[in-house]
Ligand code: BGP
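Take a look at this single chain, the form predicted alone, given in structure tokens.
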């Protein structure tokens, strides 16, 4: 079956500064939060590998970017690293040497026919601000972030026309402060939800600054909201469980970004459980008046839930899972390497939800991808990875997305995670996501994978052939 996307739809990819660049040339004392995570808990990162070298993209971007173009990437979301770009975090003075690096980086993208898309923060909170102020627990850090954003707008606004305030702002407060999965491995819900709220406020305030500076372009935020699916939507208990899970893992960031307000269920439960942050009338007005122009949605797997059946221990700190249980659906398809469900149909459902509940705002699939371990075993006689599994994964997701676009959802792009193999928290280089291989056994040598050829053909024609998809 032939699937087509309309004119203006862009095939692209993403990269995260700290996951790719390495820490070469960093000013002393300018570490970011992931550096701290690795420094304090590096033994639990796969093979101990952290962000110090990553993919060495900082030094090798002139080699990498032409490969990105060969892989069909037409739009590219990269991260400005706050800890590189800003010299003095309190005064928001620019580090001119690093600013010139990003000047050259953007120019290299444009010279290779790739539209640059700039994201201001993907967990690169300066370690100094975490240690001194507890990061986004402090409204002062929000103000410092906004001043950093203003400097970036002024510096690169003549070349970059699409901006995002954050990528996945929920992750660090959720995994580090609420769930206790990542360092510092805490279970402090009130602190976690305050961090989340201040990131929501930072988004709105940066958007206000963008518009006050009369920037030529559009601005939004990139979220990884869970698409929540109840075990049985007709069962009242399962439906209520899904409503709560949705409020915490979808609505807590999507609603203020697009609608300018939090879900009532979210605020009610936080107040009931003693975890509600201070939400002033002034803050409510700021949220209402400074919503996004464009929304990025990162999608990997659905979140399936059911009515709460396991006992709740209220002697410990609050957790949203007090109100629902995860549902392990029998027969679901899995990526065995990552432990995630493969359910491409969700891209259609997300598209319809954005159309019907969020004013059909302009949106982009800002991350989607398949991480696979030991990809070297799929190399052919020429040493090239034959990743047909990745081609099928992308094609099936694009097929469902094309149906959403055909049915009126205002989606204008699909960006694969990732352009190149890179370092992720704890996973490090265990599971590979890139169109471009980084061979750590051969001096980080780069090679295009088979999927790069297929992806380029999709980008060049905005179409592809694949089987007719169903909802299984």
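Residue numbers count along the first chain shown, from 1. In this text, all values refer to a predicted model and were calculated from it rather than measured experimentally.
Another form, the form predicted together with the named molecule, is not on view; read the next lines as being about it.
Trainee: Out of 443-451, 65-73, 420-428, 41-49, where are the residues with a heavy atom within 4.5 Å of the named molecule in the model of the complex?
Mentor: Selected range: 420-428.
Trainee: Taking the shortest heavy atom distance, is residue 33 within 4.5 Å of the named molecule in the model of the complex?
Mentor: Taking the distances in the model of the complex, the answer for residue 33 is no, it never comes within 4.5 Å of the named molecule.
Trainee: Answer with yes or no whether residue 353 is in contact with the named molecule in the model of the complex, where contact means some heavy atom within 4.5 Å.
Mentor: Contact check for residue 353: no, nothing within 4.5 Å of the named molecule in the model of the complex.
Trainee: Is there any non-hydrogen atom of residue 168 lying within 4.5 Å of the named molecule in the model of the complex?
Mentor: It does: once the named molecule is placed as it appears in the model of the complex, residue 168 has a heavy atom within 4.5 Å of it.
Trainee: Heavy atom to heavy atom, is residue 300 within 4.5 Å of the named molecule in the model of the complex?
Mentor: Taking the distances in the model of the complex, the answer for residue 300 is yes, it comes within 4.5 Å of the named molecule.
Trainee: Only one of 323, 123, 250, 105 gets a heavy atom within 4.5 Å of the named molecule in the model of the complex. Which one?
Mentor: Exactly one residue meets the criterion: 123.
Trainee: Within 4.5 Å, heavy atoms only, which of 367, 255, 387, 246 is in contact with the named molecule in the model of the complex?
Mentor: Partner contact (heavy atom, 4.5 Å) among the options: 367.
Trainee: Scan 329-343 and write down, in order along the chain, each residue with a heavy atom lying within 4.5 Å of the named molecule in the model of the complex.
Mentor: Read in sequence order, the residues that approach the named molecule (within 4.5 Å, in the model of the complex) are 338, 340.
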